[in-house]
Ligand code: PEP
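Here's a solo chain for you in structure tokens, the form predicted on its own.
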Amino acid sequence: MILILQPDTETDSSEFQSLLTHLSGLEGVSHRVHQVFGEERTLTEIYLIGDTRALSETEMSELPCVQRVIRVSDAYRVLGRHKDDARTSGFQYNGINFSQDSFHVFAGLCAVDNPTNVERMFAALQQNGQQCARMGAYKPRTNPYSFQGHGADCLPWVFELAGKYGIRVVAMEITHDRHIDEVAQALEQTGNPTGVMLQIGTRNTQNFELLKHVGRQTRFPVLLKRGFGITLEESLNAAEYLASEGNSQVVFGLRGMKSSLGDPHRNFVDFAHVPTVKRMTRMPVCIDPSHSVGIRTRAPDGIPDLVHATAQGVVAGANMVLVDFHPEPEKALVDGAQALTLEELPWFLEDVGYAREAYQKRCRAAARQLQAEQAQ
């Protein structure tokens, strides 16, 4: 059961303390307080965990500070969609809105190599009206001898360059809980010129201790990638780990499934799950065509497979695209074979715009159809 409190409820108020006292007296039921910090107001939710079947929704709704009561209907208590659940499906961070209705492209270097290429990437994004980017400082690799990323050493100049070119949010993978502190320290050191969306990669989707650490901090939103060899349900439960610890500012990423059935692509593209995730949860959904397809090969129509896959995910309703670009892909330290060039960026964004427009037209057509059905 979820208790939605009145907006801007003060947690040090006598009414709130009275509510907690009452909840502490419920036998066999524990509670967890969760706050969502928006641009203009703070929303507080309390999750009741245990056997809540005997609790009356009417009685619970009459408790101090309570605005509404939601009876949980599935396993994803925090992030899932429940009956009569009108909670928002998104969040705001550093002036950017992330929801199941918004759309953003995070283009950039899979692995940061040098300041020159990072600056060239940010400059190209600014020239094309973009405020978000991806930059990899920590790189988990299958081969222990492969480049592992520059780590904390590159963070200050990456963040300074992001601020210089108006990049408001940088998606950056972390692989250890100490990386959270390193990111926060680098931001403070440079005067907070940008924001960071922490990324949990596919190899760490079931690293439950890391998920708990990331979930306990609420400063940074999180992009959680689906595990490449586990079910969708298992990956959604990983996202719930984050939210259950306190951070519900989560974007769910689809990046392809590891299977030879996807050959010659790097992974089997799973973008058909975009609407499924949006139906089952309130999370915005990201697609990663670079790690799904893994090659720059062009189809006979002149469009690269990677760009075709991007359009398929966007037409299905994706809210975010995480895609690799590099000024000189042949010299990239990681995944150069799948990186698009800066010269291709304007065309890529144009093509994505067509796909997004097609999705919006499909939504309008569906709304007309639903209206016609209800009128019958």
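As the structure is a prediction and not an experimental result, all values here were calculated from the model. Residue numbers here begin at 1 and follow the sequence given.
In what follows, reference is made to the form predicted together with the ligand, a form of this protein that is not presented.
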Exercise. Which one of V183, V169, C110, V222 is close to the ligand in the predicted complex, taking close to mean a heavy atom within 4.5 Å?
Worked result: C110
Problem set entry | the ligand: the contacting residue among G215, G201, P304, G149 in the predicted complex [heavy atom, 4.5 Å] | G201
For this session: Using heavy atoms and a 4.5 Å cut-off, decide whether D270, H273 and H308 all contact the ligand in the predicted complex.
Result: no
For this session: Choose one stretch from 230-238, 193-201, 278-286, 112-120: the one whose residues place a heavy atom within 4.5 angstroms of the ligand in the predicted complex.
Result: 193-201
Exercise. Would L322 sit within 4.5 Å of the ligand in the predicted complex, counting heavy atoms only?
Worked result: yes
For this session: Using a 4.5 Å heavy atom cut-off, state whether H265 contacts the ligand in the predicted complex.
Result: no
Exercise. Taking heavy atoms and a 4.5 Å cut-off, does H291 contact the ligand in the predicted complex?
Worked result: yes
For this session: Consider K139 of the chain shown here, and say whether it contacts the ligand in the predicted complex, taking contact as heavy atoms within 4.5 Å.
Result: yes
Exercise. Can you name the residues of 249-266 that have a non-hydrogen atom within 4.5 angstroms of the ligand in the predicted complex?
Worked result: R255
